[in-house]
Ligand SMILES: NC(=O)c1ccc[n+]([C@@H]2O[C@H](COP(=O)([O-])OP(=O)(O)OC[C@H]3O[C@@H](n4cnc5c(N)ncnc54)[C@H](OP(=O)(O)O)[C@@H]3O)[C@@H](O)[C@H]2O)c1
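Okay, so here's just one chain, in structure tokens, the form predicted alone.
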């Protein structure tokens, strides 16, 4: 697997492909083992995924320093003390004494972003996290985060795939040296039904997932595909091939501005947010 890495503010190298672990349920540990055995060096989780313990069990079988590990703090836990407590609890469940990257999972307009990022700075100062970032932030929110944070915002993890390319947000991330990670890089498999994706898969003798992931990497984005099937986990790492420039452009032209999860309305009372009146 040959994909470019991204250098973060700490000097750490972020592997250009990671394993997403959202809703893997009982297959989490098997997927993590399959990924690490296939050459992945980047695992992405979150306290809201409720699988950190299973990931920790799998990671215990490998050299921790060979794995780039990310977790995220829930939107309901973004006040200063809760950020610290959430991180410490994630570390305990994961069986490690540091995270390579810690993200704000979702913005929470009911809690001061300055307070949240002050806690992130404290975690970095204590060596519990090496880099900090955000997830699902708009360009407006990310700009504010850069302005008020005492530490560099290394990453914005966003929904990004051929049907939802978000050019204005992507441009701002690049202008501000913020690495873009793609959550749901396969549109939760919806994009497999795209006629151009299917045509290119046949042309190159690759799976639709491999075509979309190769395009993501070529777009300068770090995709985080997930799968509960070890064979698919391994296949998703087979990116040692090239898309023709004309074919990349064809995928660039598939944008529909159509998200699968990052829609404007939110259920603020859900477990992810927990914002009561």
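A quick note: this is a predicted structure, and the numbers were derived from the prediction, not measured. Numbering follows the first chain given and starts at 1.
Beyond what is shown, the protein has a form predicted in complex with this ligand; the following relates to that form.
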Notebook entry, point to check: Applying a 4.5 Å heavy atom distance criterion, does residue 136 contact this ligand in the predicted bound form?
Noted result: yes
Item checked: residue 185: touches this ligand in the predicted bound form, heavy atom cutoff 4.5 angstroms -> yes
Item checked: residue 52: touches this ligand in the predicted bound form, heavy atom cutoff 4.5 angstroms -> no
Next item on the list: Find out whether any non-hydrogen atom of residue 261 is located within 4.5 angstroms of this ligand in the predicted bound form, and reply yes or no.
Entry: yes
Check: Heavy atoms within 4.5 Å of this ligand in the predicted bound form: which stretch among 6-14, 263-271, 250-258, 20-28?
Finding: 20-28
Check: Tell me, which of 67, 243, 209, 34 has a heavy atom within 4.5 angstroms of this ligand in the predicted bound form?
Finding: 209
Next item on the list: With this ligand left out of view, choose which of 80, 106, 98, 163 has a non-hydrogen atom within 4.5 angstroms of it in the predicted bound form.
Entry: 106
Margin query: Suppose contact means any heavy atom within 4.5 Å; which members of 223-243 contact this ligand in the predicted bound form?
Written below: 224, 225, 226, 227, 228, 229, 232, 236
